[in-house]
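Read the single chain below, which is given as structure tokens and is the form predicted on its own.
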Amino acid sequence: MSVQREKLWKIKKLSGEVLGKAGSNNYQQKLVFDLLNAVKANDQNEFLWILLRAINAHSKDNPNAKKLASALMEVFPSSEAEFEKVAYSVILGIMAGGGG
């Protein structure tokens, strides 16, 4: 299953809106670092665990959190190549800080 480009943009946008401004700068750096380590190890379960834990901890009142979780559940599990596309979309969204 190939993840559509529009779906990747949606995941990137929602990741930024949900987690782009969550917590301190140090928290966001650690979150991105942990997610990158999961990508490097090609560990989709660990990536999702870290991401869903962050969404739960920092975005309970954000209406886009549920949309992000739903979008992620549509694309996981994925092939290794598709996992990297989705994961980097999430990470770039977080690093963009909700700006795009």
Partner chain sequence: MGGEELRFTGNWFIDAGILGFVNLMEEVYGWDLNELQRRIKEEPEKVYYGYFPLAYLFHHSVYHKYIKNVQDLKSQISDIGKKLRDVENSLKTLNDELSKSPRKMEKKLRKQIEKSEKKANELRTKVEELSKKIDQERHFLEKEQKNLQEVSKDLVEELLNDEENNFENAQERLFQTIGHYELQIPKDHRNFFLYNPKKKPIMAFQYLYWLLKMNYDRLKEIKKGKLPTYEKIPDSTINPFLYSPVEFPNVSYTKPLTVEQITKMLPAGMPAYAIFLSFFNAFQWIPGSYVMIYTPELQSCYAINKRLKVHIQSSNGKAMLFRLTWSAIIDEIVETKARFSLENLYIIEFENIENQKLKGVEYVGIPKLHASIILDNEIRDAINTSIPTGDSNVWLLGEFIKQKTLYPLISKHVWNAVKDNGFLNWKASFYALAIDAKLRKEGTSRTLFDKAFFDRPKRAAVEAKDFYRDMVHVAAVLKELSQEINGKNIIHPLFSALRRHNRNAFVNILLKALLQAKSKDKVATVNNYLFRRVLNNDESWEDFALVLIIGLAGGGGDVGSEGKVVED
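In this text the structure is predicted, and so the values were computed from the model without any measurement. Positions refer to the first chain, counted from 1.
Keep in mind that the form predicted together with its partner chain is not shown, yet the notes after this line are about it.
K.L.:
Taking its partner chain as it sits in the model of the complex, is Val39 near enough to touch it, meaning that at least one heavy atom pair lies within 4.5 angstroms?
P.N.:
Contact with its partner chain, yes.
K.L.:
Since only the chain is shown here, I'm wondering whether Phe76 would be in contact with its partner chain in the model of the complex (any heavy atom pair within 4.5 Å).
P.N.:
Taking the distances in the model of the complex, the answer for Phe76 is no, it never comes within 4.5 Å of its partner chain.
K.L.:
Going by a heavy atom distance of 4.5 Å, is Ala69 a contact of its partner chain in the model of the complex?
P.N.:
Residue-level check for Ala69: no, no contact with its partner chain.
K.L.:
Is Lys21 part of the interface with its partner chain in the model of the complex - any heavy atom within 4.5 Å?
P.N.:
Taking the distances in the model of the complex, the answer for Lys21 is no, it never comes within 4.5 Å of its partner chain.
K.L.:
Using the arrangement in the model of the complex, list in sequence order the residues of 8-24 with any heavy atom within 4.5 angstroms of its partner chain.
P.N.:
Residues within 4.5 Å: Leu8, Trp9, Lys12.
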